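First, one chain by itself: the form predicted on its own, in structure tokens.
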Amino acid sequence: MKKVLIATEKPFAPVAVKKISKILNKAGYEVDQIEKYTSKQELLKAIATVDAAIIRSDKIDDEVLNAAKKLKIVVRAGAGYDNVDLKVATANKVVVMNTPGQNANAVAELAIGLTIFGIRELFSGNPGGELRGRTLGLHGFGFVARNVFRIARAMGMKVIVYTQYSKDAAAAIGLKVTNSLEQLYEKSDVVSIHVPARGEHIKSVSYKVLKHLKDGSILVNTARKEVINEPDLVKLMEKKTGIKYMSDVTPDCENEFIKKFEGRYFFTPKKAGAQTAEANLNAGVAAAEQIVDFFERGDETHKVNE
């Protein structure tokens, strides 16, 4: 009998756990669970005897992977998977998957919410602006960005995009694709970042790009802090005093923002993009179904490691 661990320091909602377990039990698998665990030792002990694991933001590093002697697959219930050591997983012949798209609407709604919060002067009572008629630039065009486009268009915004890998998909739905990232930032009143924290995207939002932002524009980041060159962002905000930064991830230089940029930033207390009941359920159920498909049919559709 296959044994599947649900390891969640930040737990799934009870209804999600119930549906995940139902899918796995129906397939004949045993389900084990640890949540709100406070030590790595708990995770090491629990993962040592399982064939599969479903995680959220839980860190699956070399120590965890090396302790998991029977492990064949880890599914990250969500889009990002930088919390899993892919190289060690590959070396240990462990398949790593994510659940792309399952959290997309939740993150997109947060991106729009942060944009509204920014343009309305953080609901401070000071006069703000409106989104209708303004230009939204999408930095990247994955699942989240496509949902942001859908919502922004319904609100009367003009939407443009810069993407290297989805140009045809963007053009097919009538989006104007800019020739460069610099052009996107120059033409946008709001820029919403939707790229993964890996490879060429690390610190890609640098001064070379940021300097093209209009003074008075809003930069929204619901991706990862690693895509931002933080010293360059601070430098820009010192120079252009109307720019705001709204983020679903607290930067390492938070203290500088507190000292220098009052009323021009907002950071969620903890990453909140996927923290909705619906996204929680969708991602968990998708993870369970992917594990069953992997073992029963050899399906590796959402594999992210080599």
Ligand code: 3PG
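Numbers for residues come from their place in the sequence shown, where the first is 1. As the structure is a prediction and not an experimental result, all values here were calculated from the model.
Only in words, not in the display: the form predicted in complex with the ligand, which the text now covers.
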Quick one: which of 71 to 79, 110 to 118, 145 to 153, 175 to 183 gets within 4.5 Å of the ligand in the model of the complex, going by heavy atoms?
71 to 79
Check all three, 57, 103 and 271, heavy atom within 4.5 Å of the ligand in the model of the complex
yes
Taking the shortest heavy atom distance, is residue 201 within 4.5 Å of the ligand in the model of the complex?
no
Exercise: residue 10 in contact with the ligand in the model of the complex, heavy atom 4.5 Å:
yes
Touches the ligand in the model of the complex: residue 158 (any heavy atom, 4.5 Å):
no
Even though the partner isn't displayed, in the model of the complex is residue 187 close enough to the ligand, meaning a heavy atom within 4.5 Å?
no
Let me know which residues along 211 to 228 have a heavy atom within 4.5 Å of the ligand in the model of the complex, or say none if there are none.
224
